[in-house]
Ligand SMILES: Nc1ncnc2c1ncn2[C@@H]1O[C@H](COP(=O)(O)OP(=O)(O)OP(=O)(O)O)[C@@H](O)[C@H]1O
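Just the one chain here, laid out as structure tokens, in the form predicted alone.
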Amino acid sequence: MNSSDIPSLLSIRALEMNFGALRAIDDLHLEVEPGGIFGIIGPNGSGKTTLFNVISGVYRPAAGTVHYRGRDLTGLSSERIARRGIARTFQNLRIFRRLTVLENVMGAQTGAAGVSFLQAAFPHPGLERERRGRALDILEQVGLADRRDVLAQELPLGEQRRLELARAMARESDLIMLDEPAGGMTPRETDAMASLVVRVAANGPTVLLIEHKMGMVMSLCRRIAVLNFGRKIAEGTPAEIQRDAAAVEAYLGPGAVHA
């Protein structure tokens, strides 16, 4: 089967997003096929996080559509979009700092597809054991099982970012959007996060990745789109992006791939 025959998991068509006179996203078209890791890169202010906010329902676009598995999500609330199977992390951490690590992950399960409000508010003992077991399994995957009873605010930054990823995994979504998951990390922590993202993607969900660390992006992503001033200026494999004159001029620059 040719790649053109594979139906898109996420399809963005003619998308526009404005903040007053500023056009943050400008006639953006993007197709993300299921499986693997798809990178979104670009300078600060290029529209990357705005794009995530539109996809996840934080913002309603001025024009264009967002389709997920062939269904139009444009303008739906964040909660409804999450229940359709899209999870995300944030550049600025969104964890419950006064809850334990385990409580954070179990709380995120309430947004999973198929879990009703009543089930979350008044769980059956058997369901509660199942949720706890699933949460502990996720914490094992992200290397936080031994920190399950620690308050989230007591974790160092690298572990807080892994906790936020664990919360996204708890939603059991088919698409996980990661907004700078290695932000603020040391090189060693970045390598560990990169390995974790690969394992997450290998277990099923498609990963849409925003990241400024080009070494991580180029080594992980099967395909990359480059944004600048809200427009897509390049798209291709990592090798193609590194050879693309517009991408290099706008963002990459000499030696940026190793940053």
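Residues carry their position along the shown sequence, with the first being 1. Given the structure is predicted, the values throughout are model-derived calculations rather than measurements.
Separately, the form predicted together with this ligand exists; it is not shown, and the next lines address it.
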Problem - All of L136, R167 and T206 with a heavy atom within 4.5 Å of this ligand in the model of the complex - result: no
Problem - in the model of the complex, the residue from L9, A24, A250, I12 that sits within 4.5 Å of this ligand by heavy atoms - result: A24
Exercise for the section: Using heavy atoms only and a 4.5 Å cut-off, determine which of H212, H67, R222, H29 is in contact with this ligand in the model of the complex. Expected result: H212
Exercise for the section: Mind telling me which stretch in 192-200, 44-52, 29-37, 213-221 gets its heavy atoms within 4.5 Å of this ligand in the model of the complex? Expected result: 44-52
Handout entry: 4.5 angstroms heavy atom contact with this ligand in the model of the complex for Q91
Key = yes
Problem - Close approach of E172 to this ligand in the model of the complex, 4.5 Å, heavy atom - result: no
Practice task
Enumerate the residues of 58-82 that have a non-hydrogen atom within 4.5 Å of this ligand in the model of the complex, in sequence order, or give none.
Solution key: Y59
